[in-house]
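Coming up is one lone chain in structure tokens, specifically the form predicted alone.
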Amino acid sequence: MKNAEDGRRESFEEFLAECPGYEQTSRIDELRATEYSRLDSQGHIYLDYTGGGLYSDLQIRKHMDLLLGNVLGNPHSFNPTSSFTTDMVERCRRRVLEFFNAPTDEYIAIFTANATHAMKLVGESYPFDRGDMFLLSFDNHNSVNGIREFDRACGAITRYIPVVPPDMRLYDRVLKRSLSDVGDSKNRLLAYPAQSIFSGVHHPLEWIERAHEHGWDVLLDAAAFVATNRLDISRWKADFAAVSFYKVFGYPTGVGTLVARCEALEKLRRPWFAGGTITVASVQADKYYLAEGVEGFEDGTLHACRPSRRV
């Protein structure tokens, strides 16, 4: 008489005979056993569709080797250890642009604490004025919704596009009408998620070009999307794309990026300055001069980065 184990084995063999391609997924089982064994040892079932990757054992070991095998100085300084850190940061910056296929003559990668920080950089610096417009979908992350406080303080107009149940998508005709109804506004910012963290819906990236045709700048929340999808910025030319790397790699937290189109970045006006963002600040003269490009938006000391195999 067959025991339960024999029955399962026989059923599995019958399944493989019907679906031989399933054997190719054994690599996933091997990866789980070698890099994510803590899931089984601790009895976890991890399910997430909003973008929240798990770090592998190898990532932790590699990072430990990096820290123990090198002396990392402040990238704002000029000495051998600082130059080493700066070189790693710049190599990582180039790899980020490569990963998103962002043309280096059009885009730059600004390192941030996370996607929320990236969005705040845009919101606080966007040149909203009275009569300007901020358009966003109902299912944006609160980090995007919060930008309305910046535009309202400047007298700009906030408009929402509702999602429609049961599919939780936006009506295309409503978006089209909203993009066309610009009044006398000079500066217009559309913000929406490539993948909604509310519903998991993928919104069309074609909206980016449509918004550009009507004179809108586009802030794309790509945080959840890039965890399982490739964002090709050479094709989908968002003015600003916000990403949290822990959602892609699981580790480290506190590292994100704002991939920004250089032309759009020139429109931004930061309301304050911090260490590393200026060329000079004078207490006596009560003046400061903000650095151009990346340096003007990276507040404080950056993380020591180096390109990952997955980037």
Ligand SMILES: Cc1ncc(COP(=O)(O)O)c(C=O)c1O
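Given the structure is predicted, the values throughout are model-derived calculations rather than measurements. Numbers follow the displayed sequence, beginning with 1.
Beyond what is shown, the protein has a form predicted in complex with the ligand; the following relates to that form.
Although the partner is absent here, Lys247 is a contact residue: one of its heavy atoms lies within 4.5 angstroms of the ligand in the predicted complex. In the predicted complex, at least one heavy atom of Ile197 sits within 4.5 Å of a heavy atom of the ligand. Ala211 falls outside the set of residues with a heavy atom inside 4.5 Å of the ligand in the predicted complex. When the ligand is considered in the predicted complex, Ser137 lies well away from it, no heavy atom lying within 4.5 Å. The stretch in contact with the ligand in the predicted complex, judged by heavy atoms within 4.5 Å, is 114-122, chosen from 166-174, 153-161, 114-122, 80-88. Proximity to the ligand in the predicted complex, taken as a non-hydrogen atom within 4.5 angstroms, holds for one residue of His141, Arg95, His76, Lys237, which is His141. Residue in contact with the ligand in the predicted complex (any heavy atom within 4.5 Å), chosen from Ala224, Met133, Leu179, Ile110: Ala224. Scanning 159-190 for heavy atoms within 4.5 Å of the ligand in the predicted complex gives no residues at all.
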